[in-house]
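Here's a solo chain for you in structure tokens, the form predicted on its own.
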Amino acid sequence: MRELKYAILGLLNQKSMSGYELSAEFESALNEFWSAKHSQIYPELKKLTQEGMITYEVAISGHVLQKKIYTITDAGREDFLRWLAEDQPISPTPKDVFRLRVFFSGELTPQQRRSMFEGHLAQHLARLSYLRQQMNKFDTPPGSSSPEIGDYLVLTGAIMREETTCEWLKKCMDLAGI
């Protein structure tokens, strides 16, 4: 299935955007659970245009800079909402290089193992701090019919994920006696 297709349709369902603005959304709003590079986004925009899921208008920015502003079509919105309502099976467990390293960490010295865990914990604590700062954009939790509810729910889950990961790393260090 072309999940990138639905990520783009979902973003364009919220508002019309240029390819650059879509890329920025992947780097900000979606970055905790989905990623896409320019080299993936632009070919998908071309496919979606050919399929009639989106259209674009050329806008002039400044004196000569042209940019395409993409808009979802009725067909694109229908396809997106149909996909959104489907029940999906759980995704397979993603590959995790750090956990693979943990699996084989018995080969390290205690000092090497401690360094490995402390470095990883520091990264997750920094991410947790960033996520908590992101939560400040909400004065109060949005209502269930608010367009912001999805962002709030995903951000809440990302914070919980990082908190749990930090707890797990600390427990690993305790259990390994480091």
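A quick note: this is a predicted structure, and the numbers were derived from the prediction, not measured. When you see a residue number, it is the position in the sequence shown, counting from 1.
Below, we turn to the form predicted together with the DNA, even though it does not appear here.
Using a 4.5 Å heavy atom cut-off, state whether residue 34 contacts the DNA in the predicted complex. Yes, contact at 4.5 Å.
Can you check whether residue 19 is within 4.5 Å of the DNA in the predicted complex, heavy atom basis? Heavy-atom contact with the DNA at 4.5 Å: present for residue 19.
Is there a non-hydrogen atom of residue 61 within 4.5 angstroms of a non-hydrogen atom of the DNA in the predicted complex? Flag for residue 61 set to yes.
Give a yes/no on whether residue 171 approaches the DNA to within 4.5 Å in the predicted complex, heavy atoms considered. Close contact is absent here: in the predicted complex, residue 171 is far from the DNA, nothing within 4.5 Å, heavy atoms only.
Taking the partner as it appears in the predicted complex, which of 62-70, 124-132, 105-113, 145-153 has residues with heavy atoms within 4.5 Å of the DNA? Of the options, only 62-70 has residues within 4.5 Å of the partner.
Could you tell me which one of 119, 52, 141, 43 places a heavy atom within 4.5 Å of the DNA in the predicted complex? Residue within 4.5 Å of the partner: 43.
Stretch 77-96 - residues with a heavy atom within 4.5 Å of the DNA in the predicted complex: Just 95.
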